[in-house]
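One chain comes next, on its own, written out as structure tokens in the form predicted on its own.
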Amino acid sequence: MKAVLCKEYGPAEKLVVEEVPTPSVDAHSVLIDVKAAGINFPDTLIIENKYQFKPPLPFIPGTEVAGVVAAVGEKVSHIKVGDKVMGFAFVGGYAQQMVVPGASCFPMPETFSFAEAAAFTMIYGTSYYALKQRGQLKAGESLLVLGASGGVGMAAVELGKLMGATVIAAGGNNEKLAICKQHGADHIVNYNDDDWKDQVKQLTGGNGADVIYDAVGGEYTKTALRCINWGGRLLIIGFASGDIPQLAANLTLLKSSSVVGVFWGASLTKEAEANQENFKELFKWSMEGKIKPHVCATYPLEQVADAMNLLLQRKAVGKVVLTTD
């Protein structure tokens, strides 16, 4: 089969496409003929050895795929050969075939294309776990989403609205923020405006945001912490800006606020039952047409560097997807 290989750490241009053996399934796994694979920001870090998960070289990047079941282990009973599915594993997705644990393989919603299904698992799994388990977001509260036009950010906008929050989408491009409005944002703020912190306060009646969803980091995190409500929760999702901020602890004291870490990948095993329940709700909403990934571009495997760079250069809105056709 054809696959993208990381043979040495570095930028996406160092990735190569080669023929590799088809992976084999064990009793608890599933082999998927991959039709599409989602690109996520952690993928760009893993290939440069900058992520907490460090697979040995050489490896196939890619965590989430959609496709058709080619083989099923004897202990897997909820799907069968020929089913359209979406699957998740920490590596192996940028290939024509991928093996995933049976527990991480789900029937594909009928309302999705393969590209949309490949873009679903990571962003909605992360965002719902963040808002529900870690942020304890309640109906009637205000939610500020930093980096709202990105994959996880746009999912957070949609889910926050479904959970009954007033959603403020923040970003640096008004055209991208307009798309966030189409996905449920009540208000938008551009953090290139010097007074964006004051805009958030004004939009929340002078109180500040109850929950802040932050996948950006850097100076944006520091500013956001200054427009948080009493008892607010700042959710640390990631650092797309490339800068891990050092926060002033006195700001959390003054607002009795919390800074809460979110590591969805580890929660899949440490909080397995909660994640299973989350995905039941997410699939229900997807079948009802209430949530759907926004895929802005698709690329063949051979153009993996172009696809990753679209994400890194902040030109993507929502998700970028690789296809095998």
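Computed from a predicted model, the values in this text were never measured in an experiment. For every residue, the number given is its place in the sequence shown, counted from 1.
Absent from the display: the form predicted together with a small molecule. The rest refers to it.
Enquirer: So, a 4.5 angstroms cut-off on heavy atom distances: do all three of Gly67, Phe106 and Tyr299 pass it with respect to the small molecule in the predicted bound form?
Expert: No, none of Gly67, Phe106 and Tyr299 comes within 4.5 Å of the small molecule in the predicted bound form.
Enquirer: Which one, Ala95, Met122, Ile168, Ile228, lies within 4.5 Å of the small molecule in the predicted bound form by heavy atoms?
Expert: When the small molecule is considered in the predicted bound form, the option within 4.5 Å is Met122.
Enquirer: By the heavy atom within 4.5 Å rule, which residue out of Ile60, Val262, Val295, Leu31 makes contact with the small molecule in the predicted bound form?
Expert: Exactly one listed residue reaches within 4.5 Å, namely Val262.
Enquirer: Given the stretches 73-81, 209-217, 249-257, 135-143, which is the single one in contact with the small molecule in the predicted bound form, using a heavy atom cutoff of 4.5 Å?
Expert: Flagged stretch: 209-217.
Enquirer: I'd like to check something about Gly151: if you look in the predicted bound form, is any of its heavy atoms closer than or equal to 4.5 Å to a heavy atom of the small molecule?
Expert: Yes, contact at 4.5 Å.
Enquirer: Check whether Leu268 has any heavy atom within 4.5 Å of a heavy atom of the small molecule in the predicted bound form, and answer yes or no.
Expert: Residue-level check for Leu268: no, no contact with the small molecule.
Enquirer: May I ask you to state whether Ala240 is within 4.5 Å of the small molecule in the predicted bound form, using heavy atom distances?
Expert: Ala240: yes, in contact with the small molecule in the predicted bound form.
Enquirer: Considering non-hydrogen atoms and a 4.5 Å limit, does the small molecule approach Lys176 in the predicted bound form?
Expert: Output for Lys176 is yes: heavy atoms within 4.5 Å of the small molecule.
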